[in-house]
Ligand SMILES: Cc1ncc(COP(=O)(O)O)c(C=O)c1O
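We begin with a single chain expressed as structure tokens, specifically the form predicted alone.
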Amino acid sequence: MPPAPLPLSDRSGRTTDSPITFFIQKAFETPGLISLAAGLVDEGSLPAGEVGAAVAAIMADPQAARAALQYGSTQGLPSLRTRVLNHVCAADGVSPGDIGLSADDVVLTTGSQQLLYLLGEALFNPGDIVLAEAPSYFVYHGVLQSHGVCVVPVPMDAGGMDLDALDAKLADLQSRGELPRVKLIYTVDYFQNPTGLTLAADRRPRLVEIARKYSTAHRILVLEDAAYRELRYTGPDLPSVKKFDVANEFVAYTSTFSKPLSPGLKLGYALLPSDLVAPVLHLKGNHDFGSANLAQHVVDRLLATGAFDRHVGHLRDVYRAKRDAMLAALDEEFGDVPGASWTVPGGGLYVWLTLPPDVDAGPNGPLVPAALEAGVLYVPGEFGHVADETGGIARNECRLSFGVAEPDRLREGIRRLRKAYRKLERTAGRAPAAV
């Protein structure tokens, strides 16, 4: 007789496996497969030497070694919180006081993913609403699903989130009496995952003003996920949305050391409105009493010695070459496909490929198995979407990552993807484009 079922929580019932798990597993299990799927980082450029030198220097000093190997605080290493604050403010050309910030408003987390989850615990009740870019970071969609949150998609254009559409959606929610359910506006505003698009400079202050405009009975927070900000290959660094939140009220700025340094250190950070810090720390204390202290001391030293900045400069060169290889291959292989287009990101790790409307590139469509047969893997763009008011969802899009493979393998991966696409053309009875 089987045992009685465990009485799992409602939250557990709402929480499912990430849709990308299958694609990561396939990449590991299939020899010779070129993965353009998982957003992992370039393995050859991981800073083993720099981290090794930092650890050796810390351990050579008995006092520093004991401090690094002891428990830390829930909020994080004070010197690193100060360096993080100065790092972000220097990029924005302001002092912390200019935008109402101090090191007390900085929280260090076990990767930025923990902060995304903690914010949800602090802010959301089941049935609350988050407005997010369409498409958006699908892993965060999973977090929101776990919290029982309804995602309202906001369309994007070449300048990132369409703020006219955002304003209209908030006005509609207000007219229907649903504004009290709106807790958050979510944006990945630098080289977005999954599209590679960046929020235009003139939209950044307006985003804060829109949040302020609709904060009538309660404050609506903007969650600025700046995970890819340092990975910029062309153009100037744009000011953060946080820069325009001069009283530190409406914007939570989050980022990570995983992409510009090392995911193995598993360290993220947030600049929060002051009245949000304590609720987040109370919850974080329940999680872990503080993120790994040794990792914090290592990153603190890398920032203090300039090793972090030097490494970021090297990474930009590495990823710029990879991005350029992928874009050149797309132009060569898909440039003659009517209705096909792709983004040209100024940074980050992703290119967004849009195929003709009648092509099903979704997880249950024919392109995924055809691509696997050809020896290449991509992430279906469908994962980045939630259904709109009509129940519709785009299925003709692909997220392509240039983070892992070397340039020659990226070119070969795009060639294989075109081979898979040709197979679909033949199956559909369409004449393939000239090659």
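Note that residue numbering follows the sequence shown and begins at 1. Computed from a prediction, not measured in an experiment: that's the story for all the values here.
Keep in mind the form predicted together with this ligand is missing from the figure; the text below concerns it.
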Hey, in the predicted complex, is residue 137 touching this ligand, heavy atoms inside 4.5 Å?
yes
How about residue 319: is it within 4.5 Å of this ligand in the predicted complex, going by heavy atoms?
no
Given that the partner is absent here, does residue 225 sit within 4.5 Å of this ligand in the predicted complex, heavy atoms only?
yes
Taking the shortest heavy atom distance, is residue 259 within 4.5 Å of this ligand in the predicted complex?
yes
Please determine, with the chain shown alone, which of 305-313, 329-337, 83-91, 227-235 has non-hydrogen atoms within 4.5 Å of this ligand in the predicted complex.
227-235
Using a 4.5 Å heavy atom cut-off, which residue among 142, 111, 96, 78 comes into contact with this ligand in the predicted complex?
111
Of 271, 161, 361, 188, the one that lies within 4.5 Å of this ligand in the predicted complex (heavy atoms):
188
